[in-house]
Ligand SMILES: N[C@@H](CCC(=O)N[C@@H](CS)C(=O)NCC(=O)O)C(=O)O
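Coming up is one lone chain in structure tokens, specifically the form predicted alone.
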């Protein structure tokens, strides 16, 4: 398999999932600025939408969209318990979390990366994100992870986008359960390995 990624982007989420699953894969750096691979290949020929992640399977099939990719990865390593079994209510709970993270948190950050958006508009998006983290803080009270006692691919996704609070100057100190959860996830060996591989930590 190949994972097309950009350091620190949302592709860190499937990178973490692959490390947690212990699956063999080739990481392929895809610049989100030049939209070219290191060998000069036009990334739009890999993903016409131009963004990461893309997971290319051994038969050449390509899968887009992080929440779909991480569930595929989890299902390739069922003994790792990265996702509940398909068809169970708990699997739908996982999908509920992945959808919330994608639409309410990830997309909330997107405008903050756009230099053309005025600062006063960014304040509105930051306030919305803060309300979402306030809700997450309540959900994480008494829980080690989003689904309860066990790490899941949803934790990897939320960890990835929560890393963006630092460059965007969003203070997490009002959300101690989120802070404790973020530290817990960040200390996992697979998470450390993925971040080191992307040059995010030494």
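Positions refer to the first chain, counted from 1. Everything numeric here is computed off the predicted structure, so don't read it as measured data.
There is also a form predicted together with the ligand; it is not shown, and the following applies to it.
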Inset, instruction - Tell me whether 53, 106 and 164, taken together, all sit within 4.5 Å of the ligand in the model of the complex, counting heavy atoms only. - result: yes
Legend entry - residue 10 within 4.5 Å of the ligand in the model of the complex, heavy atoms: yes
Inset, instruction - Examine residue 66 and determine whether its closest non-hydrogen atom to the ligand in the model of the complex is within 4.5 angstroms. - result: yes
Inset, instruction - Give a yes/no on whether residue 177 approaches the ligand to within 4.5 Å in the model of the complex, heavy atoms considered. - result: no
Legend entry - Heavy atom of residue 137 within 4.5 Å of the ligand in the model of the complex: no
Inset, instruction - Tell me, please, which stretch of 66 to 74, 129 to 137, 142 to 150, 166 to 174 lies within 4.5 angstroms of the ligand in the model of the complex when heavy atoms are compared? - result: 66 to 74
Inset, instruction - Note that the ligand is not shown here; using its position in the model of the complex, name the residues of 138 to 158 with a heavy atom within 4.5 Å of it, in sequence order. - result: 157
